[in-house]
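Below, in structure tokens: the form predicted on its own, a single chain.
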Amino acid sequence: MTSATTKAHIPEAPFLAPPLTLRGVAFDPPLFCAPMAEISHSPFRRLVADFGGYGALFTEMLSAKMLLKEDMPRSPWTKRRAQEGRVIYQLLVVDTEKLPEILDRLAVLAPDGLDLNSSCPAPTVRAMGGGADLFEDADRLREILRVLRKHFSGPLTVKIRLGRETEGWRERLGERLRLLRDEGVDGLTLHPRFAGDKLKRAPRHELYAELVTEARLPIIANGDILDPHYVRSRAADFAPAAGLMLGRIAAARPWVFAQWCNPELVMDHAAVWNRLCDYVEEDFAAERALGRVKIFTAYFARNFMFGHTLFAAVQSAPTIAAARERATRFFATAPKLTAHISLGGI
């Protein structure tokens, strides 16, 4: 592949925790690509895998009951390729009905871990009883974790937020941390915002130290982590974390993990964008493929000073062929890159 080249000198790796090992499974380095709705599908994971540098990729949040209907090895939501390395499947679970059967079907993919989403604040997810709503229901959360732990022997993690910002939130959070530990959870991903917070409100990374001590579980830090500079500037806050999870920045820069330890990595942006199109067309049916390209482009366009031109051109394209033609014209202008990427408003 010719889309990435490196200079001879590779600087010292930035701040990172040691490899994270859960139930004998090593995640090295402890950098994780977050589960992102409509982004973390098999073509995107394949693209990130082309560059490497992570310890594991997460699928997007998968409705557990949807898995009963999927062709697991072929579905673009569930399929995995050997080149991806470790893959953790994140599940949206609202009850234990048919959960053992679902886990049996999932076993054919040999997950390197399962992650229960107890953090998603989306109203549609909460209305189903999942995500942040599940976090508030201790009895139901406990019941689901017991079934997951009984039927899956590998690493079991849970993604959480801080809960609802109401009186007694800190005590409730402590209760949930003890519940998770007592039910055999191996690690947590913590996005330290409240369930109702918008992304404009800064995450409370300073909480990791006390929560790691209280949970007595490894915590993977998540929320607005864009690059090593961000982590270095808050080194004391991130020091207790067992790993780091990067989300939307990976949608904009799929090479971000490789670049983490090699900031001199140079990209051919046009080749990367076109490769994503190739992969999407290979895995998705035609009627779904264009939508996935448009979603990816919303993030990828933020790499350029006038990226709104690329975004608008692709968003209005009626076909992938038209999107490719318009993107080719954009890249032919040798667009200038932004010095600092901004993901606000997406």
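A residue's number is simply how far along the shown sequence it sits, counting from 1. These numbers were taken from a predicted model, which means no experiment stands behind them.
The same protein also exists as the form predicted together with a small molecule; that form is not shown, yet it is the one meant from here on.
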| item | value |
| --- | --- |
| Contact residue in the model of the complex, chosen from 61, 280, 310, 57 - any heavy atom within 4.5 Å of the small molecule | 61 |
| Residue (of 214, 227, 224, 264) lying close to the small molecule in the model of the complex, criterion heavy atoms within 4.5 Å | 224 |
| Residue 31: touches the small molecule in the model of the complex, heavy atom cutoff 4.5 angstroms | no |
| Contact label in the model of the complex: residue 39 to the small molecule, heavy atom within 4.5 Å | yes |
| Contact flag, residue 246 vs the small molecule in the model of the complex, heavy atom cut 4.5 Å | yes |
| Distance check, residue 72 to the small molecule in the model of the complex, heavy atom within 4.5 Å | no |
| Three-residue site 46, 111 and 284 fully in contact with the small molecule in the model of the complex at 4.5 Å by heavy atom | no |
| Options 96 to 104, 117 to 125, 235 to 243, 162 to 170; stretch whose heavy atom lies within 4.5 Å of the small molecule in the model of the complex | 117 to 125 |
